[in-house]
Each structure stands twice: as structure tokens, then as C-alpha cells.
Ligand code: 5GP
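Single chain ahead, written as C-alpha cells, the form predicted on its own.
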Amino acid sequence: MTLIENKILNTDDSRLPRILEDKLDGINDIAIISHVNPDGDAVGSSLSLYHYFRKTGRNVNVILPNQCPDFLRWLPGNNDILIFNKKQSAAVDAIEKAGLIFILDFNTPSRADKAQELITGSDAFKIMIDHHPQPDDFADVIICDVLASSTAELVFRFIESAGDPKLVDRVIATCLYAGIMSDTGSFNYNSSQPETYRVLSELLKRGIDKDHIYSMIYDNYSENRLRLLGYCLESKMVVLPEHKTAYMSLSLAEKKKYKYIRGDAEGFVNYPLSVKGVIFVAFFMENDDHVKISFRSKGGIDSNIFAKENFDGGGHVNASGGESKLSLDDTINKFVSLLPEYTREKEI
């Protein structure tokens, strides 16, 4: 067993309660850090752990590299989050004072953006909770289950392992449910394990309003966002039936035309998967210094491997992401050029 393999624990590992008891003893200052461009799972898991540790009487700070999308800012505790690129001094102080650092929903230091050196350079005990494969070796304990729906699901199981399931109240359960729901596309992917639904059942017992949570996340967009979606489906969707693939893209000029704000294109990548015969989809978003790419798949395509091998990314089998430093057009051309060999190799 390698050194990193010895660090990786599941939430039902008999060693975990002893480790938690030992490392939490006497610790008052805790920092919870998630990844750049935080999504629903990043925010939901972070805020749920934040509320949990506050109930145990500890001083807790959530640090995010940048702001989350508008449709997540209603989550309880959002106003307490330290956004690194806006409150850098306070965020640095919180990380440096922490005796325990939780790394949530990412498994490589670069995903913490400007906070990565503070994490790797800290002497604090570090616990990673994540559900992505192949973690880097920069935490002392790695709580990982690649079959889990989300990091939020693992946070609930972590709290159970700590012996505190009764501390999960409606507020914590709301954050957890939002994380699980958003990271599974409303249970359309990454959600085939019975354990996921056991956790959801426990959250429902806490009195959450699942319909309200759904509405706040999926029915809380701007008019511009809906018009942008219509434009993408009408004018930007390209279907390549010979590769069972489709893609869409957005340029900087198009984003400006539709008054794009961060989060407006959330979920766009999923729509072409509903085209008959399409099993692989990419969505390309042009930013100032790179092209962000989202992948979705079904059938024989492992989008995680495709993203990792070709676009400096990763994620899950059916949902992953990457980025490119090439121009938008060159990035799309690279993607299309890879399809013949890749789809043939995967026997699609």
C-alpha cells in the first residue's frame, strides 16, 4: 500500500472516529476551503460543515477563492463566507490561524487558486473530503468515495462518523440537500447508489423543503439567462451524428450581448444529451485568459479520462470539466479532431 493509499478512508472506516477525536481535541479555529468557481456542491458542503462546527462551539471560517453564482447566495451562512479575491487579508488570517483545515470538493492544490500555497504551506492538520478520483497527496487524511454522489453526501456521512448525526438540523440539511441535488443534476447522474438515497431520506427527516430548494436553484435565473439558453440551442448547438457527439460554445462577445453573469450557463451542457443518439457533449465558454470546458456523457465515453488526457481537467465518468489556453476556435477544432480516434477507441 502506498503512502497516499494509507491516507484514504471511507466514512465507515473504523479508524476515522479515533482520528477525529484526536485531531479535534483542543482545536478551536477551523478553516473550510473549497475550489475556485464554486458550484452547488462546493458551497453546500462547505456551509453545512460550517454550521456543524459552529454548533460544537468552534470558531469556523469558510474560504472560497471567488464568489459563487447568484442562485446559490440564498443558502444560510452565505454572508459569512470569506471570498479570497475580495477579503484576502481576512481569508489569509483565517487560514493561518486554523489548527485544522478542511479541503472540500477538490483534490489538487491548484483548484484553490491563490490560496493553494497557504494550504500546502500550513502546519495545520488537513482533512480532505471529496468524491473525485486520483487525489493529490497534500492532506493528512483523505475521506474519499468516488461512488458518492457529491461531497455534500460525504459531509453528512462524516458527521455521522463523528457521532453527531443529531446535530444535523434543518439548516445543515438544507445546505447538504442543495449540494447533492445540484451535483447530480437533480439526480440525473452520479446518483445510482442506495447510500445516496439513505442520506437524502435522513435530510428529509430534518424537515427540509425540497421543492423550495429546487426552486431557489433552478427557478431563480434572470430573463437574460433564458434568452441565452434559447440562443445557444438555436444557433450554437452543433450535432456530429457520426461521433454521437454534440457541442455548444459561447464567445466573450456573445456573453456581453446577453449580459452574462457567472452561473448563467449552468446546466447548458446537459441539454444536447437529450438529442436521440447523442452520448457525448461539450460546452465551451470563452473567458479572458482561457476557455472553460464542461463535458457530459453516457454510454461508453468516460468524460473524466477524456478531460484529463486532453484538457487539463477531470471529474467523474459522466460529468467532468477542463480548460484550454488556446483560442475558442482552436479549442473546438482540437476537440473535434480528437473525436474520430477517441470514439473508435471506446467502441461507441
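Quick note: we count residues from 1 along the sequence shown, nothing fancier. Computed from a predicted structure; not experimentally measured.
Beyond the structure shown, there is the form predicted together with ligand 5GP, which is absent from this document and is the topic of what follows.
Checked against ligand 5GP in the predicted complex, the residues C68, M285, I301, A319 give one hit for a heavy atom within 4.5 Å, which is A319.
R111 is the sole member of R111, K244, R157, K126 with a non-hydrogen atom lying within 4.5 angstroms of ligand 5GP in the predicted complex. Here the chain stands alone, but in the predicted complex its contact with ligand 5GP, taken as any heavy atom within 4.5 Å, falls in 290-298 among 24-32, 47-55, 60-68, 290-298. Taking non-hydrogen atoms only, H132 approaches ligand 5GP to within 4.5 angstroms in the predicted complex.
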